[in-house]
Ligand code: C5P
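Quick setup: one chain, the form predicted on its own, written in structure tokens, and binding and motion questions come after.
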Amino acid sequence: MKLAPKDRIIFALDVPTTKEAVKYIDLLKDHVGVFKIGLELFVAEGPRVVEAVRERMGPKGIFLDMKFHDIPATVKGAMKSASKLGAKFVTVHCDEGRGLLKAVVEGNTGGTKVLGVTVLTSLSAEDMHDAGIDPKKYKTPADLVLKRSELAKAAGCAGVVCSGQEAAGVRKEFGEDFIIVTPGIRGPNDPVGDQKRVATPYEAITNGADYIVVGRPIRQATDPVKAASAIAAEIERAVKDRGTGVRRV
């Protein structure tokens, strides 16, 4: 997958209004490749925020992070509606199995790429076990990520969302054509907040991620453009190192 370093950056529009979102889109549209619209913003503003991104970036700049999670008939209908919005990526949870994933894929009536959300980066092994996931079968998040990635691929998903810590295993198991999007990106000195399985941009890309989702490290920077450019430079270095088998930390 040939992408410019900046095009591998998905900026998370974790803001409550279209007005605030547009401020970041206009500021960063030449410095990142995709804008992620999550639940907070979409519930508040609906399709008009998608239109705001499309006007400035085209459909290739839209990541609709809905994390669909319902009965197959409902998510299939939701995906048909999402397809009409023209997003590049749409997400669905993997934890209800192949039937749910396949329904979303079947509901995709456009060129949108469906990504299966494997294990949220805010979850630890303890959280998994608290949720009733068998610790004998899935001892670590990585074990569960691989299983859910298998389900996503079998259902026809274009790729998955997983942390940078699991990206290498997914890449090795499912090949170069399987898209990996990695959230939970932090710099070496950044506070991790509610994330538990984090990675730097360099780590995520060298481990096999195609795209990284970055929110707070850019949004909370004194100069967001400078922060985005620094991340792009780190990605460029990581892509070169990944191609030669070198990994510098």
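Numbering starts at 1 and follows the sequence shown. These figures come from a predicted structure and were not determined experimentally.
Keep in mind that the form predicted in complex with cytidine-5'-monophosphate is not shown, yet the notes after this line are about it.
Exactly one listed residue, out of V34, V213, V50, A199, brings a non-hydrogen atom to within 4.5 Å of cytidine-5'-monophosphate in the predicted bound form: V213. Only one of V170, V114, M79, V117 comes within 4.5 Å of cytidine-5'-monophosphate in the predicted bound form through a heavy atom, and that residue is V117. Stretch 64-72 is the contacting one of 64-72, 25-33, 200-208, 42-50, since its residues have non-hydrogen atoms within 4.5 Å of cytidine-5'-monophosphate in the predicted bound form. Contact check for P224: every heavy atom lies farther than 4.5 Å from cytidine-5'-monophosphate in the predicted bound form. Taking the partner from the other structure, cytidine-5'-monophosphate in the predicted bound form has no heavy atom within 4.5 Å of any heavy atom of I231. Taking non-hydrogen atoms only, A12 approaches cytidine-5'-monophosphate to within 4.5 angstroms in the predicted bound form. Interface membership of V92, defined by any non-hydrogen atom within 4.5 Å of cytidine-5'-monophosphate in the predicted bound form, is ruled out. Contacts between 149-177 and cytidine-5'-monophosphate, taken as any heavy atom within 4.5 Å in the predicted bound form, involve only V161.
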